[in-house]
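The data below hold one chain only, encoded as structure tokens and taken in the form predicted on its own.
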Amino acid sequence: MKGCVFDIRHYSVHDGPGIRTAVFLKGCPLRCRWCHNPEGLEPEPVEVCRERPAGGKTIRLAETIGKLMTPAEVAEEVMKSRIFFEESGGGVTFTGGEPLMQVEFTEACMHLMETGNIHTTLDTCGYALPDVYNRIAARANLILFDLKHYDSGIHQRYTGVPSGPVLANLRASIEAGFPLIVRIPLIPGFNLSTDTLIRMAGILPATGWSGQVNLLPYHRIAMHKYEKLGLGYGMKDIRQPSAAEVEQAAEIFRERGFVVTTGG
């Protein structure tokens, strides 16, 4: 068995507890306008060509984004950082793209991590059939669950898919007692309004759960990736949230009993 991986990043501190290794899997069912990893959208390796000036000439450099790997090869790379996991309470985070697009491969990798007593985190958009979602979520030591909007029509307009399956898997996770951190991107013109955030906060207590919420302010750091891939960036005119707006958003969730972190 092989899966398609486009990056393995050691020493990450924003993808779960402690120092972690993040395994980025290719393929995603969403097309979020603000996606920070557009190189992970397509499920297969892709060839890109960059032009670079050198000595008065233009050199064209070909690059393949994505590599086919076996679960054993992924585990071997992850284990290089094992000492940092043990010292910091870290582990491995499967992200992307969307790990549930490669469910068999992700499950096989998680099995090897469990065998090696490595903490596993699933970073997911939550858009998957319930049996596919539960198959992986039940194995993870922690789930980082992206919640983007409560309104299905707005969600589909900005991400390409409705929010119904996402909300259903979120409710199922809470009811099953899966260890969970809900991550919410803060995006002007999409969900960064008091009314919208109050509605989103209301989704969570309605299921009987109160826990940790991580707010992620929108930024433009990924713009160069779109240029590299020859893609248009539809968010270039969207401003980044101010510090005051981020704090106001955090307070909405704090007032409702959530533990709130920002950034990451």
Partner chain sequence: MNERIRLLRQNSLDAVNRISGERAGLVTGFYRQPSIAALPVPVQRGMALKHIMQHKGLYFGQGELIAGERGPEPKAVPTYPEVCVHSLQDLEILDSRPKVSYKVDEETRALYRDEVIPFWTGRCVRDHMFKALPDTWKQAYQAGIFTEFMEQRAPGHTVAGEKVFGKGMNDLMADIDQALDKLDYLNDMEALAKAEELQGMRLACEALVVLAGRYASLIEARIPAEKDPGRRDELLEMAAICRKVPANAPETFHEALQHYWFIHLGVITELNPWDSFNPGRLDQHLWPFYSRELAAGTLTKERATELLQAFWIKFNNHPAPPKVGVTAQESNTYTDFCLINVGGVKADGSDAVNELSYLILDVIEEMRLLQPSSMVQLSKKNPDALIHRAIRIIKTGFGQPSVFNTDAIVQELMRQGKTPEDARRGGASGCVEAGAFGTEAYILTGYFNLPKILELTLNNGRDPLTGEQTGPQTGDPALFSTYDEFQIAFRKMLQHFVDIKIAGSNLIEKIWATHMPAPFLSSIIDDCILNGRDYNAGGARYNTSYIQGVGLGTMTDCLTAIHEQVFRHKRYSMANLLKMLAVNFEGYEDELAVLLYKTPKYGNDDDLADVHAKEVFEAYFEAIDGRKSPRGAAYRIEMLPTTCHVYFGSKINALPDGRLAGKPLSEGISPVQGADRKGPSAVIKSAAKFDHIKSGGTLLNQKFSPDFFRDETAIVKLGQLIRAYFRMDGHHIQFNVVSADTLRKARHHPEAFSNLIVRVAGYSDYFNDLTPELQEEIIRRTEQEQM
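Rigid core (definition): largest C-alpha set, two forms, superposition within 1.5 Å. All figures in this text were calculated on a predicted structure; none of them were measured in a lab. Residue numbers count along the first chain shown, from 1.
What comes next is about the form predicted together with the partner chain, which does not appear here.
**Q** Using a 4.5 Å heavy atom cut-off, state whether S88 contacts the partner chain in the predicted bound form.
**A** So S88 counts as contacting the partner chain.
**Q** Even though the partner chain is not shown here, does E77 get within 4.5 Å of it in the predicted bound form, heavy atoms only?
**A** E77: yes, in contact with the partner chain in the predicted bound form.
**Q** May I ask you to check whether I19 falls inside a 4.5 Å heavy atom distance of the partner chain in the predicted bound form?
**A** Flag for I19 set to yes.
**Q** Answer for C49 alone: is it within 4.5 Å of the partner chain in the predicted bound form, judged on heavy atom distances?
**A** It does not: once the partner chain is placed as it appears in the predicted bound form, C49 has no heavy atom within 4.5 Å of it.
**Q** With the partner removed from view, which of 148 to 156, 109 to 117, 190 to 198, 79 to 87 is the stretch that lies within 4.5 Å of the partner chain in the predicted bound form, judged by heavy atom distances?
**A** That would be stretch 79 to 87.
**Q** Could you tell me if all three of G232, K236 and F258 have a heavy atom no more than 4.5 Å from the partner chain in the predicted bound form?
**A** Result no, not one residue of the spot touches the partner chain.
**Q** Core superposed first: is there a CA shift of 2 Å or greater at L61 between the shown form and the other one?
**A** For L61, whose C-alpha is compared between the shown form and the other one after core superposition, the shift is 2 Å or more.
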